[in-house]
Every structure is written in C-alpha cells, then in structure tokens.
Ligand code: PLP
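So this first bit is one chain, no partners, the form predicted on its own, shown in structure tokens.
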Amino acid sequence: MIFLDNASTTKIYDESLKEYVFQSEQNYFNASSLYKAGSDVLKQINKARETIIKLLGGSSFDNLIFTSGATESNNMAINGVLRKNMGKLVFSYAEHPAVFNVAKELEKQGYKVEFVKLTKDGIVDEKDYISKLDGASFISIMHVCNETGAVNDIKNLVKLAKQKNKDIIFHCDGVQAFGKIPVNVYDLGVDLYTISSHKIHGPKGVGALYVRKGINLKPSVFGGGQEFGIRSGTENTCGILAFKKSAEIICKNLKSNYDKVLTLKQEFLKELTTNFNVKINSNDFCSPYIISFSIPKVKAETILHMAEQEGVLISNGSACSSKHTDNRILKNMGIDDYYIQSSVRVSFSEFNTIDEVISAAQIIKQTCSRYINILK
C-alpha cells in the first residue's frame, strides 16, 4: 500500500507510540489527584505545555490549552472570544470546515460575518481582506490550506489587521503548517493558533490551542476546572505526552523533512505530467506536502477508487468534507466546475519514498488513461 493522504492523518512515530503505551500502562494516574503520583503526572503535562509553546515560538507568559483535536481547538478559539455586541467576524473562503461551518452557524445566529475572497493561487485576496477590516473584532485565517497547500502570509495579514484596530483578535488554523514549515507565533503576531497531534505523527484525539498572553477565553467545557477552567475533563495524559514527543521530533527534523518532501513532490509531478493531460491546481509557492490536481473526463471519486484498487490511497479533499461533491475552495480560486469534479489531493510525509511517489503517479496515469479510452 502507498499512503498519499497524509494531510488527513499520519503514521505515528515509533517513539511516540512507545510513550503513549508507557503512559497508559505505567503512568496512568489522574493528574487532579492529590497524591504524589497524580501531581507528578500534572507536572509532566505542564512540561509538555511549556515544550510545545516553545516549539511554537511563544513565551513563558503565553498559554496552551490541550484539547481533543483541531476541531475542538478551532471551535474553542472562535466561541471562546464571542461577546455580546461583538463586532464583525472575518473568515476566508479557504477555511477548514471546523472553522467555516462555525462561521456559517454564527451568521445564522445573527452575528455579522464576512468571508474574504481567494486569489487564483488559493491565498487570501489582500485587497478584499483590507476592505473587510472596518468594524472587525475577530479574524480567522488558516496558515496552510489543507486542500491545495496554499500558504497565507499570516504575518502581513496580522499586521494589516492590527494597524486598523490593535484590539482585533486574530486566530490562525495552523494544522497543516506546524511541523512542516517554520512557525513562530511571536513573529507572526497571532493571538490564537490551532495545532493537531495526528497531523504530525502523533496519536489521534489530542490537539492544542495556543493562547497569547492577555487573551481571555470563555470556558468551553464546564466541570472540574482542568486546563485553567477553560476545558474541564480528566486530561488525556498519554495522548498529550505522545503529542509532545512527536512535536519535538518533527520540529527537530523540519528542514530535512521539508527538503525530502519537496523532492517527492517534484518527482511525483514530473512523472504525472509527462505525456498526460492533467491540470495542477497547486502552484510552486504552495507547501510541498500537498498537491491538488484535476484529470479531465474522470470524476474524482472514480480516480480515488481506481487508485485504491491498485494499492494507492489518495483523497478528493479534506477528510471532513470528502463526501461533498462541491469544492468551495477550488471554486473560489476561479477553477471551472469541469475541473473541480475531477480534482483530487495527494499529500506526502517523511515516510514516503521516491519509488512510491513515482509508482503512484504511474498508476494514476495508467488507470485513468484506460478509463478515458473506454469512454471513447
């Protein structure tokens, strides 16, 4: 099997799995317990919190709330800052469903919500973005698009927003950025930043929300007061500490991984585009970890299943929206429906090899070519 859907999830590191098992078997005590074994677990959780904040480029004055994953973190970021008589909420059309669908729900509830257009390259349209800053109280723009790999200039977008209103709260979904491209929340200037464990070779069911000093969130889950009273519930100790292990490993190898994956992308595209009609939706400035492309005359679901029969796993977009035939992001990039219905996504990890990606490209070409010939 050749797994090329790493934007949806990733294989856990051996070291992280061992950490998870150890914590589950040997260090399973409740962090809220008063005895020493419990307080020792709490110390480990807080050490993991400090480590990840540091890896994000934050300061010791900032905070990190551990959650069940990116969806909860994104929801927490948005709902946590909502107040009565809130000003305008600004999002982009490229946001993950965990952000976009929250925005649409808030719009139904009567909040003033506006969406920023995308350029043909899939990034936020700066001119349209600036036009929507008047009266804005909250902004959420993703760092790297999970559909195309388009990388937004978050630092510049934050700067433009804060120039308009220094009190604007800026949230960034960094799920496809952290551990893959350089991330420094202090340099970016963001107030809130979402990350996820299973996107960086950690376990599923754990994520985090970075919170800059001075940003006050309303509680999202009430109970025993864990996670500073913002997200109550017994801590997922084994998940958190395995998450920390994965974050340390991937950030240490960020540059070498990036270079390897860039080579994988180049070799895949070289093979895919040789003597074959294909439209590449991701440009050279996108993250090398993700490629969106369309094969005319073959629907995405057909491409996906033909590849699967040959042992290649790819996707037709975000796993959270893969059942939908429409593609909001590609449509807002100005891509014609003819290509959208044939669009698929390939995403790499450090575990992939050059032989794998070349073989995958050949399989996609061969199966689609046979299918197109049958249609003639």
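Since this is a predicted model, take the numbers as computed values, not measurements. The numbering used is simple: start at 1 and walk along the sequence shown.
Keep in mind that the form predicted together with this ligand is not shown, yet the notes after this line are about it.
Q: Residue 4: heavy atom within 4.5 Å of this ligand in the model of the complex?
A: Result no; residue 4 lies far from this ligand in the model of the complex.
Q: Quick check on residue 142: any heavy atom within 4.5 Å of this ligand in the model of the complex?
A: Residue 142 belongs to the contact set for this ligand.
Q: Using the partner position in the model of the complex, report whether residue 71 sits within 4.5 Å of this ligand, counting heavy atoms only.
A: Output for residue 71 is yes: heavy atoms within 4.5 Å of this ligand.
Q: At 4.5 Å between heavy atoms, is residue 173 in contact with this ligand in the model of the complex?
A: The answer is yes: residue 173 has a heavy atom within 4.5 Å of this ligand.
Q: Spot the stretch among 209-217, 233-241, 195-203, 255-263 with residues whose non-hydrogen atoms come within 4.5 Å of this ligand in the model of the complex.
A: Partner-contacting stretch among the options: 195-203.
Q: Even though the chain is shown alone, can you say which residues of 230-252 have a heavy atom within 4.5 Å of this ligand in the model of the complex?
A: If the 4.5 Å heavy-atom criterion is applied to this ligand in the model of the complex, 230-252 yields nothing.
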